[in-house]
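Here you get one chain, nothing else, as structure tokens; it is the form predicted alone.
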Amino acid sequence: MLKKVAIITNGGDAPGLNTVIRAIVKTAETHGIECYGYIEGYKGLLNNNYIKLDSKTNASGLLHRGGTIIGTSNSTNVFNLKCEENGQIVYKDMSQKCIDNIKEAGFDCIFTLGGDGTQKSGRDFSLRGVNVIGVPKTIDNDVAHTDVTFGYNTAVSVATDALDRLHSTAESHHRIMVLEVMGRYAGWIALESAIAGGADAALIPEIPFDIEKVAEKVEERKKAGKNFSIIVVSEGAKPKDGDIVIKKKLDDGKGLDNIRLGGIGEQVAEDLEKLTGLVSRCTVLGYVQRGGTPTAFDRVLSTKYGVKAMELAMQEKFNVLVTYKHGEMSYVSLEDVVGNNKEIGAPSGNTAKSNIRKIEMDDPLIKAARALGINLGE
């Protein structure tokens, strides 16, 4: 019988994290189960830094709050941790220390709230005897086996609002306005916001684009008397025979995504200005997309994820990921989530063995975009 559980929020922050925490805590308290939160994700687990969570005190008033009250980290792979010894950089597997911390604290289950990398580590812990239940979090909407991750709807809403605002400037000044949105390896935000915001083109990682085709779309609009265009670009979009634009290479350690993307929007804007003669400007939404108040949809979805996670724990259905499929809350094995990426401590992200949920070419969003005449750079 469960007595104590702990929550970890790891990776990038996302609207709805606090709502999941609230739902887990309130559901647990209804059944006499104590809840705790590790501070700053897996870093807190390694440092044995955790706090008690109580719906009457620190876990109260969370529905509208963005971010996470227990902090997060996206640079800590405890299975392959970057350390310094005698002036030299070495890599150590520190997972046993984390496991010892969990056992010493008496936690019966660990909830891992995060995306691909977070759930990969969750699966690795499950192989070493830790009871884990994952909850999929990423505004990129690219976690395998679930239709919608919490935080995604808020990000799309922010991007759509930005497009609405860019439309007036584009039309007034007869410009091409390029909006660069998040989406490292999947273009869900770009494509859905392009449809919702009436964009003329959407460039996504799944379809390497031909800038000449995008320019043709702009020229078609000019001939029709529309001397402005709106282009949405995923940060991970890349041209045909080209590569993603890397702003900075990091050295946070092995098993982590050590690249910081940024710059594709500016590149697209410059290229289109040369090809069409229209003045082009780029707006990068960046962290605005994942900060602040979650939408009502994300509040409800996050609540359902949290309640389902706690229910699975009470049913002792461990080492699974909570999923939202076809309108129903369910779960899949963490083994299914990592797919072929089986090696403990191995990198997550866009590797050949990763199991990221990308947009398929027969997806209804792709069909809708093409039907509406939204150019996909093809």
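When you see a residue number, it is the position in the sequence shown, counting from 1. This structure is a prediction, so every number in the text was calculated from the model and none was measured.
Note that the form predicted in complex with a small molecule isn't included here; everything after this is about it.
Heavy atoms within 4.5 Å of the small molecule in the predicted bound form are found in one stretch of 304-312, 138-146, 82-90, 213-221, which is 138-146.
The partner is absent here, but in the predicted bound form a heavy atom of 290, alone among 123, 299, 175, 290, sits within 4.5 Å of the small molecule. This chain appears without its partner; in the predicted bound form, the one residue of 183, 114, 265, 294 with a heavy atom within 4.5 Å of the small molecule is 183. Contact annotation for residue 74: at least one heavy atom lies within 4.5 Å of the small molecule in the predicted bound form. When contacts are judged by a 4.5 Å heavy atom cut-off, residue 248 does not count as touching the small molecule in the predicted bound form. Although the partner is absent from this view, residue 274 stays clear of the small molecule in the predicted bound form, with no non-hydrogen atom inside 4.5 angstroms. Proximity of residue 128 to the small molecule in the predicted bound form falls outside the 4.5 Å heavy atom cutoff.
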